[in-house]
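Form predicted on its own, single chain, as structure tokens, below.
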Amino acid sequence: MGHRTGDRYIVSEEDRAAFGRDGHVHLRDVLTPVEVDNIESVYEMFMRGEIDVPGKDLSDMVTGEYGTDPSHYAIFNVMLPRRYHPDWQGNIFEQIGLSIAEQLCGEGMTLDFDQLLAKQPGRTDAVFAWHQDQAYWINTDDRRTATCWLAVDDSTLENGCMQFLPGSHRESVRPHRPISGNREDQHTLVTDLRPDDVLVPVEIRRGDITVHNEGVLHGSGGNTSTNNWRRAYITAFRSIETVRQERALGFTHSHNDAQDVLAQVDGLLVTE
């Protein structure tokens, strides 16, 4: 089992094998309780509106709504929080995530984007459709990706934990379609499950993370709990060359990126 040593998390051989085999892995106790408390304090500043996030980078990931009162959003989404709160740049989760990405994917990885996603209690509609991240992203020769998903709250089946289809990263990308039939109104893509697909829910504790690659099929259900938020903090790492190619196109993973820029890549980012 992997373990924390000072400011590093050491990935075990078993964890590395699971990531390669399944396309995702659960790493336990990646952050200490105090470190998660510090992250939570900044997270709450975003949720209270104390940090300004312009345009579509603060939105409801279910409806695509933005520029309105976010207290009623089913899934509160902030894209690129480190852009809007520069003091967060280089935080402990970012540092440890990069180290984990390099252990799982090899050298030459860098942070591509970060994101906050919070599912409100009692919102059965706070559902992430089944998808593969690769369907949304720029095509490059180097597809190495490690998306680190930190549980700020215990993540359970009841409040909408992540679910994966192990091994699906070894398939070709499945056909995806707009969930609403109109990509301009709602960017979300969805793919169909097959009769023999068996999704595996991954319940994790506060301070644990999952790491998944760009090809594994995944999604999550709604939050059926009465009082429990499901807050996640995401840092996604890709190869330096892939990020260079994205930025050369002007693609930053901001939902405010110009439409002509977004048209040059495979799709619009909606991650989970």
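It should be emphasised that the depicted structure is a prediction, and the values quoted were computed from it without experimental measurement. When you see a residue number, it is the position in the sequence shown, counting from 1.
Note that the form predicted together with a small molecule isn't included here; everything after this is about it.
Think of it this way: in the predicted bound form, the small molecule has a heavy atom of just one of 128, 76, 93, 88 within 4.5 Å, and the residue is 128. Looking at residue 109, you'd find every heavy atom of it more than 4.5 angstroms from the small molecule in the predicted bound form.
Shown alone here, residue 220 lies within 4.5 Å of the small molecule in the predicted bound form, counting heavy atoms only. In the predicted bound form, the small molecule sits within 4.5 Å of a heavy atom belonging to residue 234. Not displayed here, the small molecule is approached by residue 162 to within 4.5 Å at the level of heavy atoms in the predicted bound form. Listed stretches are 191-199, 101-109, 114-122, 168-176; the contact stretch with the small molecule in the predicted bound form is 114-122, by a heavy atom cutoff of 4.5 Å.
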